[in-house]
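Shown here is one chain on its own, the form predicted on its own, set out as structure tokens.
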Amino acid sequence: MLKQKLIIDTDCGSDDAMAIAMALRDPNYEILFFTAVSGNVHRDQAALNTLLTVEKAGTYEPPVYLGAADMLLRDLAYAHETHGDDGMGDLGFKPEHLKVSEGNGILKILEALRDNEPQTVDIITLGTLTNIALAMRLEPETMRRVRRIVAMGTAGLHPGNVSPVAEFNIWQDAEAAKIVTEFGIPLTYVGWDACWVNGAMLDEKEIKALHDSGPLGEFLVDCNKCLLELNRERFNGDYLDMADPAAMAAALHPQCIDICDNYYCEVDTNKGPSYGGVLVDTFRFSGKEPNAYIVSQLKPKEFKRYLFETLGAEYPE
């Protein structure tokens, strides 16, 4: 069976880890390599977290390369309150044998696209879009060889998670997101709303079932302990809003997508309260051609069944 080739770009925190494990364990896809970027945590920590997750997933071991350490213009803000200072719940997890591979992640993306036939490699992004924007600036024609980009980003059609209008991955480096959004190749954003509206969050029963399913499930729940604690205040209960797993499921198992449409989108880079917000022209006021698909809602059962299946766990019906 011919497998779809993937490059996964990540600022690996605890929900990235779950998404990465899902992709590693789906036999229909081949991950060529990972590239690390700063976002949830610093790039160097993100790379270590990715290596750790690759080890825990127990399948094959794609290389992990370092990408951008800094955002294009802004200082890093990180998401330590959500994922812990180390991005993995501050439980002392470290990779046991894997090491970061030599080479620049941004250049490796361009090299892979040159080495493969056009439109045969997908890029999935789970963090800030800095690496992708830099690759586009360096070699735009090479980046046009990408089959598509699927990015966890934007608030979708609902409020944001870091400001009333902005989602964290876009807000962290809106200038990079603007470059990617306006570049003009097939682009799908999976909004933050896709992981929490319509019952898409993992509830207490589902969290326990995943945790009790074995070493991998236990690891993936444990490293999300900071998010779980945060959500007890935010959602008044034991819930996990799994943004990156939602994006990964939408990319790899499109049967779980419920609401998705093609819109003209514009990223706000003005220095003000709406910085990092993404204007989604739902009513076509601008008259401009759509430049991105927005996935704003998943079929919760289909999403969760896929998540549990790829992670080797039984879904609790």
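In this text the structure is predicted, and so the values were computed from the model without any measurement. Residue indices: 1-based, along the sequence shown.
Keep in mind that the form predicted together with a small molecule is missing from the display, and what follows is about it.
Asks: Would Ile109 count as a contact of the small molecule in the model of the complex, using a 4.5 angstroms cut-off between non-hydrogen atoms?
Replies: Because no heavy atom of Ile109 falls inside 4.5 Å of the small molecule in the model of the complex, the answer is no.
Asks: Contact between Cys223 and the small molecule in the model of the complex at 4.5 Å, heavy atoms?
Replies: The answer is no: Cys223 has no heavy atom within 4.5 Å of the small molecule.
Asks: Heavy atoms within 4.5 Å of the small molecule in the model of the complex: does Asp173 have any?
Replies: Asp173 lies outside the contact set for the small molecule.
Asks: With the partner left out here, check for me: in the model of the complex, does some heavy atom of Ala194 sit within 4.5 Å of the small molecule?
Replies: No - in the model of the complex, heavy atoms of Ala194 and the small molecule never come within 4.5 Å of each other.
Asks: In the model of the complex, which of the stretches 159-167, 69-77, 175-183, 130-138 has residues with heavy atoms within 4.5 Å of the small molecule?
Replies: Partner-contacting stretch among the options: 159-167.
Asks: Taking 4.5 Å between heavy atoms as the contact cutoff, choose which of Leu202, Leu210, Met88, Met152 touches the small molecule in the model of the complex.
Replies: Looking at the other structure, the residue within range turns out to be Met152.
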